[in-house]
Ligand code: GTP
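Before any questions on binding or motion, here is one chain by itself as structure tokens, the form predicted alone.
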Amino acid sequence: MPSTVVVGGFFGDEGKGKIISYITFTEKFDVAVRGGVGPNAGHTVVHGGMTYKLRMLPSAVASPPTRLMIGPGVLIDPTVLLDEIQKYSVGSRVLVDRNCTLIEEKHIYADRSDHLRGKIGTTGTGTGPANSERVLRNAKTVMTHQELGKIAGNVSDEVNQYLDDGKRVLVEGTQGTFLSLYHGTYPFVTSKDVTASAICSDVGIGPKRVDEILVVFKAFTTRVGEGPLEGELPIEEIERRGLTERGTVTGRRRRIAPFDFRLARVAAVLNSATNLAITKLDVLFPETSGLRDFDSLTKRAIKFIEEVELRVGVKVSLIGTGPELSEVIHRKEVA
């Protein structure tokens, strides 16, 4: 059984958490495994009157049958991870790869330097310095941590066994395509590659084990921190149009621009997208709020979706129309 990989198409904050949680429920995934960088990414899921704010655990937390794993490519902040495990009572469902390395206080301190946080606009969570130390082979693994060592194992073996047994596996990416160290707006990028290929490497599955790559975009483009953002709107215009947002991790105001069709096309190519998801259509078109049927959309909303499909060259199979997990228009064929 092949797997589904979900990644962000712009600069992060595309609403991957909602989409991942939604398809986990609708497509009955047996395991969700997280790749990406570390706690510098935040995913928000709203379900059943509860809001889950996640920085370390996979976004499938709200689906009790789904096993939760963190691949070896991910950096672990022990305080953040253990807090989330306790807060959402998921300890029995979690497996952390034994080769994950730790973010220490010295990494957080270094990440808040004038260069990284001041010039680059990092989240200050320690991921860049921790990845640097990992490259230098000086990092500590989770096996050196008393509590994390108890929930550590070989995630790649486990995930590939799930696939061998015909189970459904969801591979969760973090950040967005243009924050990639290699393909993004360097130097205003994260500390590693975050495209679909890298996310698969992070969790230890080969390219032939991937059947679907879902790239998530927001109905408008946002960015937190420094770096270029074509067509960026002034704050007054953002507030007038009701588009104001803040980052999940830092609380910083998100910079906003209209949907970037050129970047979306590049992201689809870089990730070999098989399907697209568009979130927050209701923010761009308030009259679509809560709708769950494509034919119920207004003409201008349908025109926007059709333009995305035409210019990006990939079908939009999932459309978010509200914050609640179930507020999705589903046009996706389930294997």
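These numbers were taken from a predicted model, which means no experiment stands behind them. Start at 1 with the first residue shown and count on from there.
Although it is not shown, the form predicted in complex with guanosine-5'-triphosphate is what the next lines describe.
**Q** Gln175, Arg254 and Thr279: each with a heavy atom within 4.5 Å of guanosine-5'-triphosphate in the model of the complex?
**A** All three within 4.5 Å in the model of the complex.
**Q** Using 4.5 Å between non-hydrogen atoms, is Ala41 touching guanosine-5'-triphosphate in the model of the complex?
**A** Yes - in the model of the complex, heavy atoms of Ala41 and guanosine-5'-triphosphate come within 4.5 Å of each other.
**Q** Do Ala268 and guanosine-5'-triphosphate come within 4.5 Å of each other in the model of the complex, heavy atoms counted?
**A** Ala268: no, not in contact with guanosine-5'-triphosphate in the model of the complex.
**Q** Flag Ser21 as yes or no: does it have a non-hydrogen atom within 4.5 angstroms of any non-hydrogen atom of guanosine-5'-triphosphate in the model of the complex?
**A** No - in the model of the complex, heavy atoms of Ser21 and guanosine-5'-triphosphate never come within 4.5 Å of each other.
**Q** How about Leu291 - does it come within 4.5 Å of guanosine-5'-triphosphate in the model of the complex, if we only consider non-hydrogen atoms?
**A** No, Leu291 stays farther than 4.5 Å from guanosine-5'-triphosphate in the model of the complex.
**Q** Of these, Ala62, Val283, Leu297, Ile305, which has a heavy atom no more than 4.5 Å from guanosine-5'-triphosphate in the model of the complex?
**A** Of the candidates Ala62, Val283, Leu297, Ile305, Val283 is the one lying within 4.5 Å of guanosine-5'-triphosphate in the model of the complex.
**Q** Out of 167-175, 235-243, 90-98, 200-208, where are the residues with a heavy atom within 4.5 Å of guanosine-5'-triphosphate in the model of the complex?
**A** Of the stretches listed, the one contacting the partner is 167-175.
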